[in-house]
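Just the one chain here, laid out as structure tokens, in the form predicted on its own.
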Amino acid sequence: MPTRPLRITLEDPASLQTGENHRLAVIRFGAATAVSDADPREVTIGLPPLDGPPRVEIWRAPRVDETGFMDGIGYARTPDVLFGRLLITEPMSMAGAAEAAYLRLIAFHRGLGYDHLLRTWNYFPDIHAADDGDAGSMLDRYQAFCVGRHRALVATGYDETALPAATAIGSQGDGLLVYFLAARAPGEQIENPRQVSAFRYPAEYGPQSPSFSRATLKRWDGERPHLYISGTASIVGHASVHVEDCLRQLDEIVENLRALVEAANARLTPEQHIDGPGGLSLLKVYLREPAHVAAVRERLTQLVGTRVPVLFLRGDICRRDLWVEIEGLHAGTA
């Protein structure tokens, strides 16, 4: 009988068992970004938790065939999927760091035979600061990141039809952290009918549009599909809406999440359907202002219920006029 290739849950750190061999990745959240030199599966993101006791994001698989380090990349893999993470702290422009990171990561995952990126996460500090490197003096660090990532994707043959879901958030601590999930077989891009595809944004947002899909749907033999939803903000078309109003932005985000789930459900059989945003297995809420957490938590509960686990984190959103961003996934026990 087929087994679930991957399950992602939030857990109490005290529940982790030393030597557990089913862990594919352990994602912690704290005051500064760091990676473990001892365990290639461990990463800490410089995003302080804002609500409740500390929790750890655990990726588990029925079996993990190998863990290790290669070219500075910590990784773990199963027959079906590959986790990898890379922290670049060498002095360079943000465009240069993003290009270097993605060139290394793409060569790595392809070299191991996991040819298809499903999902990437990108975290770096001072996301709105001016970039002082080769991407151009008028760019902020997020715009420069988009330039560098795109250069690497073009150089390695990625086109718009193969872009994975992604998140990019301003974090605390040094360096650019990228971690990813790749598979041997591709997923399916899901776009939001309420939004312009990110890779089609007009030039007013920077010289290079962001290179990601709104979500990735991944089917597994004999198992319910997974849905990996990118960081989702209060954007309709390509424009930010409800500027400086955190709760109205939250309402718009939930509508965008609902649209993405519906777009995914349209490709699935009725028994595989996800029951809206509240039927996901995890939501991560990134908040620019910690003082908003209580109001956001209350409104989010009203909108999606209490079934889905939610993690609230302090992080900077890629646009200055946005207060909140949410990513979601369906990769749990349901």
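Everything quoted here is computed from the prediction, not taken from an experiment. A residue's number is simply how far along the shown sequence it sits, counting from 1.
One more form of this protein should be noted, the form predicted together with a small molecule, which is absent from this view; the next part is about it.
Heavy atoms of every residue among A166, P210 and R214 are located within 4.5 Å of the small molecule in the predicted bound form. Taking non-hydrogen atoms only, A25 never approaches the small molecule to within 4.5 angstroms in the predicted bound form. For the chain shown alone, Y228 is not a contact residue for the small molecule in the predicted bound form, no non-hydrogen atom being within 4.5 angstroms. Proximity of Y201 to the small molecule in the predicted bound form: non-hydrogen atoms within 4.5 Å are present. The small molecule is not drawn, but in the predicted bound form it has no heavy atom within 4.5 Å of I73. This chain is displayed alone, yet in the predicted bound form one of A233, V254, L87, A264 has a heavy atom within 4.5 Å of the small molecule; that residue is A233. Heavy atoms within 4.5 Å of the small molecule in the predicted bound form map, among the stretches 166-174, 76-84, 107-115, 179-187, onto 166-174 alone.
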